[in-house]
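We begin with a single chain expressed as C-alpha cells, specifically the form predicted alone.
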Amino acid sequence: MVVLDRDTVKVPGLGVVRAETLVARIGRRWTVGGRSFLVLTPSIRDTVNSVSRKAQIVGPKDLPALVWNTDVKPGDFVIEVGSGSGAVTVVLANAVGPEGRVVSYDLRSDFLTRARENVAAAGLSERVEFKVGDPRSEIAERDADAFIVDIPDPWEAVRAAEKALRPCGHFASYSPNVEQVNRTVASLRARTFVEIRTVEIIEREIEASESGTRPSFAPLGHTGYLTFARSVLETL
C-alpha cells in the first residue's frame, strides 16, 4: 500500500513516482519498466495487512468478528486495551466513523508510537486517542459502547471493563490459548456480565477454475479465541 501524502511517493520495488500519476490510474492498468500493475484504492483489509508491525496483530479473519459481535457502529465510543501495532485500532476507528471515538491503551510507549503511525497512515488519527496506562487497574473513561482487550491476561481487565461500559455495552477479548479463555470467562461470570461465549473462527478458501471447484489445500491454522460478553446492571 502506498500513502499519497506528498507530491512524489516511493513505490516498493519500483522507485519514486508522482502521486498524481497513481491517482490518474486508479482502477486501471499501469505499466512501468516492462511490468504491469492494477492501481486500486485500499480496502480496510489492505490497510490492516499493510500495517508496520512491532507486535503480532489480530488476523483479518478475526477482526470482522470482533466488530460484528460487539456491535461497533458509526458514532460509538470504544475502549481498546492493548494497542500493539494498531491493527485493531485501525479497524475500530474505521467502524466508528468520523463522529465516533476510540481510546487505545498500552503499557509500552514504543507500541503506542507504532500504532499511532499506522493509524495516521490510514488517515484515521482524528478518531483515536492513545494513552500510556494500565486499564487492568483503573481508567477514567465511562459509558463506552465496547471494550476490546488484546493482552496476555485479559481477565485482569474485566473489572475495569465493568466500570467503563454503559449498561448493555459489549466486552470482547482475543486470546491464543484456552487457559486464557478459562480465566477470562470465570472473571466475567463473577461480575455483572451476560451472554458470555467464546468462538474460534475457521476460514477455508475455495479455489474455483474451469477444471472444477474445490477447497484450498492450505492448512486451517489456529489463530486465537474470541470471548464476548455484555455488561448489565443486574443478573438473573
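Residue numbers here begin at 1 and follow the sequence given. Since this is a predicted model, take the numbers as computed values, not measurements.
Not on display, but discussed next: the form predicted in complex with a small molecule.
Practice problem: Select from the listed residues V158, V128, A164, V88 the one whose heavy atoms reach within 4.5 Å of the small molecule in the model of the complex. | Solution: After the contact test, the surviving option is V88.
Practice problem: Can you work out whether the small molecule is within 4.5 angstroms of a heavy atom in all three of D76, G100 and D145 in the model of the complex? | Solution: Not one of the three qualifies.
Quiz item: Of the listed stretches (119-127, 135-143, 67-75, 92-100), which one has a non-hydrogen atom within 4.5 Å of the small molecule in the model of the complex?
Solution: Single hit among the candidates: 135-143.
Exercise. Consider N49 of the chain shown here, and say whether it contacts the small molecule in the model of the complex, taking contact as heavy atoms within 4.5 Å.
Key: Contact check for N49: no, nothing within 4.5 Å of the small molecule in the model of the complex.
Quiz item: Might V185 be said to contact the small molecule in the model of the complex, defining contact as any heavy atom within 4.5 Å?
Solution: Looking in the model of the complex, residue contacts with the small molecule do not include V185, since no heavy atom lies within 4.5 Å.
Quiz item: Heavy atom to heavy atom, is V58 within 4.5 Å of the small molecule in the model of the complex?
Solution: Heavy-atom contact with the small molecule at 4.5 Å: present for V58.
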